[in-house]
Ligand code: DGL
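Take a look at this single chain, the form predicted on its own, given in structure tokens.
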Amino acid sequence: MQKKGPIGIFDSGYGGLTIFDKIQKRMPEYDYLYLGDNARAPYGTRSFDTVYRFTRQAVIKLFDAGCPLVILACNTASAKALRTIQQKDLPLLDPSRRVLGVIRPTVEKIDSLSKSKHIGILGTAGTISSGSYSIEIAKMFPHIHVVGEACPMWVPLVENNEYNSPGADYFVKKHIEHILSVDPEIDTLVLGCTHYPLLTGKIKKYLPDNVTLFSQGEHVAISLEEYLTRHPEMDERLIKNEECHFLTTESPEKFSETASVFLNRNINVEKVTID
């Protein structure tokens, strides 16, 4: 009999907490282990090789902690590392475990949201340069036109608790106006970074009424629930004691303070090293 464990959730920093929050609210009976690699964040401007190496190390850390299933709650890690980990590493590490990302569950919903079939992706430089959204959308919905917009300042605004500041308006307005000028037919904007939901208020301020803003969290949670329904053998390997534990590679105090902004509650955090 295989040992049971929690669902592992990984992000380079805090953004994955927006995914974790939606997953936990939808499936509160499960145990969760969240790992934030805050000491090496952000991942958005790093190379493919570096993001892959860091993400692989984090996945192994969560495997070693007993997680049979790991969710990469990070668009950059999903874009730059997921496929290689799934195809190259899992068969060697443990073929019975699974690593899932956030891009495919997002893409699956795109076609039903857009009437014009013109989509905009707002993301980190790493996610946009990878072309992952365009590639996945082209596979499933080749009729959809996709435009990406890198927003390099948005993650620092969120992580430094400046997302409600007047300075945030400049960077949000700049990128919204630019992507809509590149393709005025866009009627759906995807928040392709898990930090960006905290900027929703600012984004909507500069968004025309005819443009829908799409956030990932709820859809990733639904997709995970459906995945476990389709794979009862994995569901049976997950602990269901409604417990959550949080790990960070940087300061537990800082992580706990910032996480309270994302989760609206206090949490206990443990510092770990991953290499």
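Sequential numbering from 1, following the sequence displayed. The structure displayed is predicted, hence computed values, not measured ones.
There is another form of this protein, the form predicted together with D-glutamic acid, and it is not shown here; the text below is about that form.
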Just give me the single entry in V107, I203, V155, I186 that has a non-hydrogen atom within 4.5 angstroms of D-glutamic acid in the predicted bound form.
V155
Based on heavy atom distances of at most 4.5 Å to D-glutamic acid in the predicted bound form, which listed stretch, 137-145, 111-119, 80-88, 67-75, is the contact stretch?
67-75
Is F54 part of the interface with D-glutamic acid in the predicted bound form - any heavy atom within 4.5 Å?
no
Please tell me whether any heavy atom belonging to G44 falls inside 4.5 Å of a heavy atom of D-glutamic acid, as the geometry stands in the predicted bound form.
yes
Please check if S132 has a heavy atom lying within 4.5 Å of any heavy atom of D-glutamic acid in the predicted bound form.
no
Between 126-151 and D-glutamic acid in the predicted bound form, list the residues on our side with a heavy atom within 4.5 Å.
T127
